[in-house]
Every structure is written in C-alpha cells, then in structure tokens.
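What follows is one chain in structure tokens, specifically the form predicted alone.
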C-alpha cells in the first residue's frame, strides 16, 4: 500500500516555512541582534498581530480562500477607536466600548462583502481585494469629510485646521497597552502580556469549537464542494456570508488589540497593509488558499515578523545598506502572496483537467 504521507510531500507542503527558517538561520547572526531582544520583539508582535491573522482561518475553511476583505473589519475597529478617543474614554472601558461600536459596523460590512463574494464565486480573493479598495474610499470619506461636519466631534484637537475631518495620526495615551499591562508577567526581563494571550487563546478555542458545530461542518462541506453541499440541503450562500462576517468581526477586535499595543493610529493608512501582511504571515506559516490551521497562524506570525526585525540590520551589516532589508521584506510580502495565488490557480486547473479526463473515461 502506498504511504499516505511521504518525506517529499511533507517538504513540498512546508516549503515556505522551511525557506524562512533557512533565511532566519542566516540573517539572525548577520543582524547582530541579541536573542533576548529578538524574543522580546517576537512576544510583542505575537500579541499584537495573532488575532488579525486568526481572522483568516474561517473563510479558508468555507472554501473562500484568503480573505483580503478582512481590512473592512480593521476599518470598523479604527472607527470605534476614533470615537472613544473623542469621548475621552481610557483604560479597559475604552477598548470595550470601541469593540462594542465596531461590532455592528463590522457585521454590516461583513454581510456586504459576503454578499458581493457570492456573486463572484471562484474569484473571491481578487474580488475581496477590490472590495477593500472600494470601502477604503468610503472610510476615508467618512473620516475626512463627515466627521466634524455631519458626525459631531467634541475634541477639537482631533480635527484638521479647517474644522472638520480627523487628523492623519492620533495618539492613544489613555489606551496604550492597557490590555497588555493589565495582567503581565516578567520572565527573564521580558514582559509577557498574559491577558492579551488569554484573549487570543479564547478566540482560538472558539474557532476549534466552532469547527465541531453543525455550522462549522456545513462550512467545511461548502469548502470541499459547493454543488454537493447544496444537494445535501446546506444553504451555501448564507454559510459563505456567515464565514465572512465572522472573519470581519475577528479582524475588528484584532485591529483594536493591535492599536492598543502600538499606542497610536495612522488614521488613513493603519488598516491598508493589515490584509497584505496578515495573509503573507499566514502563508509563511505553511497555510494555503485551501487549508489553514491555528498552528499556521502562530508559526507564520513568528517567522514573518522575525524577518521584519532582522532583515534591515542584516542588510546593513552585510552590504552597508539597511534599506536593502526594507526592500527585501516588502518584496517577500507581496511575492509570497503572488506565488500562493499562482499555485492555487494551477491546482484548480489541474483538478479540473483530471475531472474531465475521468468523465471522458467513464463515458468510454
């Protein structure tokens, strides 16, 4: 009997993580950065970005590929944060109110995105990417023109000099790292944000539990074969919309967690790279457009951000130019997504050809 798994198949399946591990083995010594510093940075970045990357798992389960539309959830989270800053809230109440405000917005945006993706079956990834651009325009219109003119803003320091529109950047002095520092433990001089990781763990457990429910099983069936799922009485389109709503909602909470960690908001572009970097991190962790797990999330965030930290210093020490490391990581971010999409399209085409050959053999 032919073995189910082979060494060659395992190497091919995990080629991207292996390449990044090899890069890390070369770049970490070249960067000259100490191991304690790197560990501190990785812990901070795992706490900051894991929830954002986790939001991509459910759409993959439902067969909708890599959800670039998660940026809609990030926009909802930022709107909530802008409003709580204007109202003068701080501490944990500010985060909870921001999440409460962002929840209905992200649900509405998720429904809109899911509805559009149902009209573009088979082209969900590129469609969600374009939806992100479209809604970015609506988001900028809301913050640049509506806030202060139609939507009342009571804090004049948040407004542009013309009297309406939110400034390009905002500090979060009363919100910065409130979740991270509320419950933390110092280990070997490093602060471990226990509560932040507990929140991430809760969402991981919820996803694991959700996969075991009937709706989760329906999503898995829809992801494997829409026609068979529809024949089994599963409401395919509603299930797909629900997957996008869940993804957008988790992305909303993930952006709030990320912003409180950073302590500042770039009002008009904090959310723009969230989708690209989160998807790149998931792919670096060994996921594909058809299969993603929670383990892929954490491995990907660790390896992707390790590259972000060490590549500028490695480039500087190797050839005297830190900018090379910046170019390299941007190139890798987009390149890994492009390669993944090409492989996804190739695999789909290959499966279609095999199906046609089997059908022709059956007719003969």
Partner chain sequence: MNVKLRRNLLRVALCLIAVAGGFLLSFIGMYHSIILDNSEFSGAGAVLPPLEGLRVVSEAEPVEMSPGDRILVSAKGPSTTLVFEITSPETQQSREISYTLHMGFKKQFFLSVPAIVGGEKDPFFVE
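Just so it is clear, the structure is predicted and the values come from calculations on it, not from any experiment. Residue numbers count along the first chain shown, from 1.
One more form of this protein should be noted, the form predicted in complex with the partner chain, which is absent from this view; the next part is about it.
For the marked spot (91, 97 and 154), a heavy atom within 4.5 Å of the partner chain in the predicted complex is present in each of the three residues. Comparing 97-105, 191-199, 258-266, 69-77 against the partner chain in the predicted complex, the single stretch with non-hydrogen atoms within 4.5 angstroms of it is 97-105. Contact check for residue 203: no non-hydrogen atom falls within 4.5 Å of the partner chain in the predicted complex. At least one heavy atom of residue 87 is located within 4.5 Å of the partner chain in the predicted complex.
Contact annotation: residue 293 falls outside 4.5 Å of the partner chain in the predicted complex, judged by heavy atom distances. Although the partner is absent here, residue 177 lies well away from the partner chain in the predicted complex, with no heavy atom inside 4.5 Å.
Heavy atoms closer than or equal to 4.5 Å to the partner chain in the predicted complex belong, across 219-238, to no residue whatsoever.
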